[in-house]
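A single chain comes next, written as C-alpha cells; it is the form predicted on its own.
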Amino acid sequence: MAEDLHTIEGTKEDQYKALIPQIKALLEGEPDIIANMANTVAALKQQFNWLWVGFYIVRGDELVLGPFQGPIACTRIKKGKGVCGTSWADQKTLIVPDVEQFPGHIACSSLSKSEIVIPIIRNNEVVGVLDVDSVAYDDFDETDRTYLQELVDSLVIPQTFAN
C-alpha cells in the first residue's frame, strides 16, 4: 500500500510534531521491524533532508548496518568505537556538534559535520542505535533528542531481534 508523507515547514519542533504521528500511523499493524525501520528513516530523511539517517543493529560485539537513507555507510562498528559504538557502550544519546572533535570518530562520509545517535534500549540492553548525520555543524539539539527518542521508543522490537 502506498503512503504519502506530508512534510511541513516551520520550527524543528513543529516538524517533529507533524511527522511523528504520521510515522506511527505508517508503522501501526506492521510487525516486521526491518520494514518499520526502513519507513522510519525514509520519513526522517524526507522531512529533514539530513545527509544520512539509519539504524545499526547489535550483532554480537558489533553494530551491523541496518536500514538507512543516504550515502553508503560503514557496515560494522565495534562496541565503544566512534559515535555509534560509544553510544552503545555508554547506553546514552550522544549529540556531537563537530564530528572532527569527537575522539575516535569513524568517518563514513567526509560530508558529515555533526551527528546524533540514540540507543535503542530494551530490557536494559542496547539492541541497536538510530544514527543521524548532517552536513551542517551543530545541527542537533535537545529537541532532536526528545523527538527521536520518542520515535525509537515507539518501535516494537521483537525479542528475537536482540542478539
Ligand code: SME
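We number the residues from 1 along the sequence you see. As the structure is a prediction and not an experimental result, all values here were calculated from the model.
Here the subject shifts to the form predicted in complex with the ligand, a form of this protein not shown in this document.
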| Wondering, does residue 50 line up within 4.5 Å of the ligand in the predicted complex on heavy atoms? | no
| query | Could you tell me if residue 89 has a non-hydrogen atom within 4.5 Å of the ligand in the predicted complex? | reply | no
| message | Can you tell me if residue 108 lies within 4.5 angstroms of the ligand in the predicted complex, counting non-hydrogen atoms only? | response | yes
